[in-house]
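This text opens with one protein chain seen in two forms, each one given by itself as structure tokens under the names structure 1 and structure 2.
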Structure 1
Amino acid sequence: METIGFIGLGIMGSPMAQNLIKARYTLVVYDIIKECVNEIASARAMAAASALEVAEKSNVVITMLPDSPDVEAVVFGNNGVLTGIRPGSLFIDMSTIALATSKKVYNALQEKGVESLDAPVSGGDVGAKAGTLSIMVGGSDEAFKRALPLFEVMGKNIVHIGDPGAGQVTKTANQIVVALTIQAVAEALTLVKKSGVDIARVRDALLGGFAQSRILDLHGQRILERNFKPGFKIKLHHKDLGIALQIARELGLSLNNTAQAAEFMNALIAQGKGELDHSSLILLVEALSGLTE
């Protein structure tokens, strides 16, 4: 069995690493926050002092980090993965990051004789704990085949989309659809509420037709209950839409409603609501029209 390096032991990374341990893999783990390492360290999860040490001691290195600069630091920084990793190793970045960063990492590792995959996930901490994440993968067939047993421990809906970067593009598309579908539900339910019509009944009726979506179901229920506890935080979704708009600029694309939704999230963050669930987009739609809690 391959020795798995795991870097990034936060809300997502920690349960993902735990699931690998449960599946009887041997891990070498690292996080910039010492307590996160201590929590998981055991006979089967050796604590490392740096990303470099993780890379030296593993055959497969997985990263699960918050944002592009974190991945850059872990790969290219002093005591980074690039210095320690051996040819023939496999590098899997499961973070959601900029396409440009993802490609830069891929190219640098190729030069060292290391195959890599971009494999961002969706499903949140609930999916990470249950091992039911959706995993969207870009990279070569061989690398995908090598990683598949690990993905099957961490996720359920695992799709090899295409070439390097294709995983990040897919995740970005996912985040655009989710944000704009929340906006769709938010505008519709605000109109219903202001009309004095029962939003629970409208949600039921709409779930039976073309307006059906998982967002109308799950986030519609959150809106009914006025439950904006995350779930997936506005500030993280805002980061992801930033990635979408960066890709759009690089490719020369105008994504009107995506830009608008990013600005709405920006406003919510400015109002101190960045820690709320992304279904709280409706709070801005309501506030624009003078509706307050």
Structure 2
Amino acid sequence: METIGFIGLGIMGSPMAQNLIKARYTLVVYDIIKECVNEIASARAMAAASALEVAEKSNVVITMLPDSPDVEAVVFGNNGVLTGIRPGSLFIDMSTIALATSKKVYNALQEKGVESLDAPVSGGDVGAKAGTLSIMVGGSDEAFKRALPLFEVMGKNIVHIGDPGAGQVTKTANQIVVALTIQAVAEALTLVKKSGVDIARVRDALLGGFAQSRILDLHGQRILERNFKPGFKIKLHHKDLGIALQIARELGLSLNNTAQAAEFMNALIAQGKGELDHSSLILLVEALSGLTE
């Protein structure tokens, strides 16, 4: 079995790495937060002091990072992956980042004789812990086949979309659908609450009809419980919608509803709520409707 380097041990990355360890892969791990590294290292992984060290000691390097600048820093920065990675290795970026950044990383690694995949995920921390993530992959057939056994440990719905960058385009589409569905659920439940009708019973009824969705199920429950502990943070989803709107500008598209959802999230960030789960979008919808906690 190949030695796997894993960089980025946050809400998503940590359980993904732990699932690889449970599958008996040898892992070399790194994160800028040492406590995260120590926690995973105690579960039979080797701790590294830098991204460079991870690349030097691994055959496959996986990154799971918050944003494009983080990926660029890890790949191109001092003590970065690009310096240490060897020809014949495989690089898999499972972050959600700008399409231009993803292609820049791919081209740089190609020059080093390294295959690269963009493989962003959907499913939140629940899917990361359960190993049931949806994984959307862009890159060559050969690289995908090599990575597939790893993907099968971390996810269930694994689709090779197409050429490099195709995974990021797919994830962007996913984030639009998720954001607008959360907004729809928030507006519907706010209407119910304002009408004085029992929200829990309405949700139960909707889950049995055509309005049923995973978001109504999981995030509807979060809303009922007022549990906005982050599975996926508002500030990160706002970043993803920014990527969508940038691609739209480049393609000459108008994504009006996406733009509105991004502005709602931006307003929550301005209120200091950017660290909350994206289901907390309902807090703004309620406030605009005259409802308060």
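Each residue is numbered by where it sits in the sequence of structure 1, with counting from 1. Note that the rigid core is defined as the largest set of C-alphas that superpose within 1.5 Å between two forms. Remember, it's a predicted structure, so these values are computed and weren't measured experimentally.
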item: Structure, 1 versus 2, that is the form predicted on its own; value: 2
item: Hinge (C-alphas switching from one rigid part to the other between structures 1 and 2) among M46, A100, F232, T170; value: T170
item: Smaller rigid segment rotation relative to the larger between structures 1 and 2 [°]; value: 12
item: Core-referenced Cα shift (Å), S280, between structures 1 and 2; value: 3.7
item: C-alpha positional change at D217 between structures 1 and 2 - rigid core reference, Å; value: 4.8
